[in-house]
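Below you will find one chain, with nothing else, as structure tokens; this is the form predicted on its own, and questions on how it binds or moves follow later.
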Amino acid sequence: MTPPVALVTRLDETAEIAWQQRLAAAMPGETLLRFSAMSPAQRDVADIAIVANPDPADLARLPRLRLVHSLWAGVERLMAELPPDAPPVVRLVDPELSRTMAEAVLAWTYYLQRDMPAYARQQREKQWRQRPYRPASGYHVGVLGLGELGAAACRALKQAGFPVAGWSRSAKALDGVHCHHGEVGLTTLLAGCDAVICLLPLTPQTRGLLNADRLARMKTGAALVNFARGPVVVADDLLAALDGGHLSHAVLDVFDTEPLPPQSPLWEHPAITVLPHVSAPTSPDSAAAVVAANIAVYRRSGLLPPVVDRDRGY
């Protein structure tokens, strides 16, 4: 008899039940049980857990666990909380998530390229003034992070006519993209781009990456978009770069603390657009299909999907 699959989350009950229903529909051959509803005997034999920021103490109560599959693409919290001897972790790699993120990157790049922040300011000040048009072909965009999401964003930007540069920690190659890596490559990208889009995973190496020194290397008047994780950007250093006029605008969808506290100066800063972590929401239906397919392969062959590298954090 196939062991049950445990659904282990810190979601509220309504959200967890909704995920259970979608996942169960996507894998009818499995017995999917919410951890809170499992008997001790069921917990003793469960070998797969599907998780959404689970309590690590709950996972520890599944002694035969062989695979942990996250419902989210970002797994930095999960990896930080799990012990070193935890089972392999698979993060969500969903083509729909990549498409949605590419859509958001393109939308907000247009927002910056077409001077929407300036027009919003002019509206508040009741100014009727047309600004010079900048074609996409003359607006250079840099993408930090060339994984699944970054590669999809680069393709969308290229198709729209933007010159695109990309940066990753190790060397990569993408058609039509000027790829850089390492510290020298990061400096080159930052200095040459009108907008920088951050899509990096949060790891010990990327935490605080965009600090005062590196923000100062950006092109004067450039804009920053952070769709990665809040701690990749040092918020106080960003505020200083905006207040000093070195950077023109920042679009922020992620923050050190979420929801963003009401007292945060980011809310009312005239050169910041605040978004409530909406750039690439997980699609429950497509995510359930991806997770179900990965588990089906594991059941048939014993082969794991690509797992998170603990040293890299993704």
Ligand code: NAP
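Sequential numbering from 1, following the sequence displayed. Since the model is a prediction, treat every value here as computed from it, not as a measurement.
There is also a form predicted in complex with this ligand; it is not shown, and the following applies to it.
Picking from 55 to 63, 27 to 35, 284 to 292, 249 to 257 the stretch near this ligand in the predicted complex, with a 4.5 Å limit on heavy atoms, gives 249 to 257. Not displayed here, this ligand is kept clear of G185 by more than 4.5 Å at the level of heavy atoms in the predicted complex.
Among residues of the shown chain, H269 is not one whose heavy atoms approach this ligand to within 4.5 Å in the predicted complex. Remark: L238 does not count among the residues lining this ligand in the predicted complex, judged by a heavy atom distance of 4.5 Å or less. A residue is said to contact a partner when one of its heavy atoms sits within 4.5 Å of a partner heavy atom; D115 fails this definition for this ligand in the predicted complex, lying far away.
This chain is displayed alone, yet in the predicted complex one of T220, S170, S137, Q159 has a heavy atom within 4.5 Å of this ligand; that residue is S170. Checking E96, E103, E148, E81 for any heavy atom within 4.5 Å of this ligand in the predicted complex turns up a single hit: E148. Residues from 25 to 59 do not approach this ligand in the predicted complex: none has a non-hydrogen atom within 4.5 Å of it.
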